[in-house]
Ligand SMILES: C[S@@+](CC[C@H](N)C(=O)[O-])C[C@H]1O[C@@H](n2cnc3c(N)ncnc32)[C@H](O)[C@@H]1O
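Starting off, we have a lone chain in the form predicted on its own, written out as structure tokens.
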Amino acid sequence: MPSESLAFDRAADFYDETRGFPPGQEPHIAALLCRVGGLTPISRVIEIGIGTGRVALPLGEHIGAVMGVDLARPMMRRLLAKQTDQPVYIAEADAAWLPFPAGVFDAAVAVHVFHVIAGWQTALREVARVLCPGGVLISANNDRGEQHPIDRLMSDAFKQAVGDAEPPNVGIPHDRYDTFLEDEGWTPAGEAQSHPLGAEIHSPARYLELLEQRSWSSLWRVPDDALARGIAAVRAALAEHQIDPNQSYGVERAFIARAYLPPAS
């Protein structure tokens, strides 16, 4: 059955460049996930939206096995091209219909993915189903902290110009990112933990380039005329404030993860 979730086929060629971790950070990310989830060398984990393996491959160095599901074959081909001897396995599947029996995984990992899963509430129930008793969902994301003033200026200009032409998320709404798990009855199992990733270098020119390339999934369903209108508005805002498009600035990033126990059945 065709899925209404947002597949990342078109992002395979630039995903690691735009979403990957800085060089050398992968072992720290894996160690953080192990701490948060209480993972051991024999743990079996499922990753929802495994993509190119940016999380699963380093995590596979520390645990028994990672089984990942994804809708995008081009993304998973990238994973296979990078994989060496890590115990990472893949299945083409929608998170709302996981092809696994109940109670087979010690933990699940989901990194900023439920906003692109149309049946996200069903997916959460599926995750709970395949977890062993006491198993947790490790929810994680990249955090950029407070938005830089130039980034805020450009973002506001784009959104105001595009307006309702930018469709809402197919999955959880943006304003529920921080609460959706607890809203659905999942219980935090410990505090959130983070690992600093250092400064990400931004510039208006790079932001405009990413807009033109539709690098973010939120842009994939924006009509061409609305996208052009938004880009023009960003250029106008930069000119009005006399901001050099080639000006660069650093934005501190961190990777944040927290474990959750499923609702009581």
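Numbers for residues come from their place in the sequence shown, where the first is 1. Please read all numbers here as calculations on a predicted model, not as lab measurements.
The same protein has a further form, the form predicted in complex with the ligand, not shown here; the description that follows concerns it.
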### Query
How about R125: is it within 4.5 Å of the ligand in the predicted bound form, going by heavy atoms?
no
### Task
Report yes if any heavy atom of V136 sits within 4.5 Å of a heavy atom of the ligand in the predicted bound form; otherwise report no.
no
### A107 within 4.5 Å of the ligand in the predicted bound form, heavy atoms
no
### Query
Is R176 close to the ligand in the predicted bound form, meaning a heavy atom pair under 4.5 Å apart or at it?
no
### Query
Just one of 202-210, 231-239, 37-45, 65-73 has heavy atoms within 4.5 Å of the ligand in the predicted bound form; which?
65-73
### Task
Using heavy atoms only and a 4.5 Å cut-off, determine which of H148, H112, R144, H195 is in contact with the ligand in the predicted bound form.
H112
### Query
Judged by heavy atom distances of 4.5 Å or less, which residues of 83-116 approach the ligand in the predicted bound form?
A93, D94, A95, V111, H112, V113, V116
